[in-house]
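First, one chain by itself: the form predicted alone, in structure tokens.
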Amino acid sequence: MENKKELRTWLNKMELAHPLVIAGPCSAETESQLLKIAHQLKDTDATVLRAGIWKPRTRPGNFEGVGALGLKWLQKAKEETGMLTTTEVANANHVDLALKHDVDILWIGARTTVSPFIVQEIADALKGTDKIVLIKNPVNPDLALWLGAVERFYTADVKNLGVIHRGFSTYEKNTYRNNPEWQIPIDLQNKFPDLPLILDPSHIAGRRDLIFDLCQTGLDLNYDGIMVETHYDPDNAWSDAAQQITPETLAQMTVDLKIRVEEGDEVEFKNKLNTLRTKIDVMDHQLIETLGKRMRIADEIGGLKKKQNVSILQTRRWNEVLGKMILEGEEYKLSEEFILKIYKAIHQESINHQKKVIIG
């Protein structure tokens, strides 16, 4: 991608004294609901009002949005509060309607990003526009698919681009509704450091009590802003009730979040050090999570061995694993001594788990 610094132009023009804050309900439900939330947000750090107009639900029968009628409500909220507006678009018709109602920022949802055909259709509909387009990560953890969507819009001469990290779906039970997989947006940042990156903690968390910590992690990783779902009566929201917070909670949260400044050599050093340490914290969490999953598989193996009356230690298998890991470790410049220490400890823990299963 050429002229990457152009991608940050729209964010710089906003001249914000803080990271970008996008807030508003998951869904626009009624005109009065949207206007009430907008007026509650206008005196907070939120500068952009978000609202879902068309809601791509996983299964039919759930509330799927009010449709184009909601665009008039967004337009009215903008006139009354002065806030910018944003909504999700999923096809060329959505784009046309959003542009006619002067929506400032369009975002591409996770379910749309997975389809290059639909992404291309939307990119063609926005060709040459000066509107801001934010692209959510695809549902599945696929960095190339995410970057491909960005490149399609850039190729269509849509220069005001950014991305939204909303986490990735997983079949496994997890603390979060969508696993953050922090390494993927970190890799995206490394590849395109001037591409504005926005965190969507609401969809990652799936519950409101996790939102603050996710936002802090995002800011520590140099994210450019947050997009938080807010509702004056979250528990009775028509969609995603558990993950929405009140505008009052948002206002307090933006006060409590710690934002690093960027001035002076010593401060710059500390900022970079904190960012790198946060990246290590993310990876350490992933390591523990992966080890936990590995031991659950060891438990299953123990159950099979118990049924077949097979011994726990399988020397041939162990030597094969160890040899393979030593070779793979060399590719990542990890010493044989280090790999031996790590995998001997992992093997011993695996044996302990199998013992518990077999002995009962």
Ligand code: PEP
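Sequential numbering from 1, following the sequence displayed. Since this is a predicted model, take the numbers as computed values, not measurements.
Another form exists, predicted in complex with the ligand; not displayed. Remarks below refer to it.
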Complete contact of 26, 56 and 110 with the ligand in the predicted complex (any heavy atom, 4.5 Å): yes
If contact means a heavy atom within 4.5 Å, which one of 227-235, 98-106, 126-134, 271-279 is the stretch that engages the ligand in the predicted complex? 227-235
Can you tell me whether residue 181 touches the ligand? I mean in the predicted complex, with a 4.5 angstroms heavy atom cut-off. no
Please determine whether residue 94 contacts the ligand in the predicted complex, using a 4.5 Å cut-off between heavy atoms. no
Stretch 76-90: residues contacting the ligand in the predicted complex, 4.5 Å heavy atom cut-off: 88
